[in-house]
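Just one chain follows, in the form predicted on its own, and it is written as structure tokens.
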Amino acid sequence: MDTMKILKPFDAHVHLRDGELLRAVVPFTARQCWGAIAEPNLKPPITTRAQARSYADRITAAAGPDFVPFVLAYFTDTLDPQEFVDGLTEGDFFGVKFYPRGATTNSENGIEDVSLLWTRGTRQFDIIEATKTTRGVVQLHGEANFTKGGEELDPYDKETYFYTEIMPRLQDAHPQVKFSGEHITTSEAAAYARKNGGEYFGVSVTAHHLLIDRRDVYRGGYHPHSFCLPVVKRVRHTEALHELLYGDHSFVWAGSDSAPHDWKNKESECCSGGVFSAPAMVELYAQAAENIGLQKLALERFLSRNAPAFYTLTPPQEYITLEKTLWDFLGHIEYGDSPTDYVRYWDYPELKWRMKYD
């Protein structure tokens, strides 16, 4: 094929940041997707209806009226259950996002004791239960920092521990709650999805976790723009994600996890975790699909249909066109008054598909 025409995608997990950076990066997502779930790990975190409404308004102002943002509440230990329920009922919140405290960017307000999520009578338990009757969803950053015994986990083991020790407890305690496991990276998470995926559980997969493995991060020296959280794993885990995607399951979908950071925070002694993939979100997924052997209709379901179906959304009947052409995904986006205020694109080599713009 020289061209592909597919239903306009939906990004089920993207970091749009705020302020000048938000205004610079949102147009990339808006020109490729009809809508997206905007992650709430801002400073301060989004925990009130007023904050959620204001953030959605700022996104719309930067993206234009045709783009629909869906804003999550940040699941803190102090999130007010009634405020959350009211926000779900009135449409201010789309759901709630769980972060293990300290696991990723701006996660210092995340849940400290994960066992509270399945302990009846706790605020955390009640917030999860509230999503049952309000069409809300619980998005999960599926990692743990410590074992039950208090031992600190290796970064390469955090997700495996979550899907073998924590996720089963969550689903047992909260049947008929919709959980979405975000940006999965391991064979264990893929196996859990195949076994449990369906009406109440699904997963998002990033393009970068499909396109590279741990060898690529270190080949020829460390590549800071490929450093993300969860970290990129061994090749066998990347291959497990390929197999999951090739299975064309309805409970697997695109969530770019595009996460812009100023270049000074990426190319530094303490590198920030995040891959800025939004400028070529669709093209990167199309490249991954070609590498895996995924056919056009399966790619469309993954990019455009599966997540909206899980989240009970109706996508507009709008289409995009991808053309077969070689190009280099290189560049940066300026966002401030200084010429040194910019974010580099993820440094992935030559791509074979490019979205056609009118």
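Bear in mind the structure is a predicted one, so any value in this text is a computation, not a measurement. All residue numbers are counted from 1 along the displayed sequence.
What follows is about the form predicted in complex with a small molecule, which we do not show.
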Would residue 229 count as a contact of the small molecule in the predicted bound form, using a 4.5 angstroms cut-off between non-hydrogen atoms?
yes
My question is simply whether residue 104 lines the interface with the small molecule in the predicted bound form - judged by any non-hydrogen atom within 4.5 Å.
yes
Can you tell me if residue 237 lies within 4.5 angstroms of the small molecule in the predicted bound form, counting non-hydrogen atoms only?
no
Can you tell me whether residue 51 touches the small molecule? I mean in the predicted bound form, with a 4.5 angstroms heavy atom cut-off.
no
Where does the small molecule sit in the predicted bound form: which of 148 to 156, 88 to 96, 109 to 117, 221 to 229, heavy atoms within 4.5 Å?
221 to 229
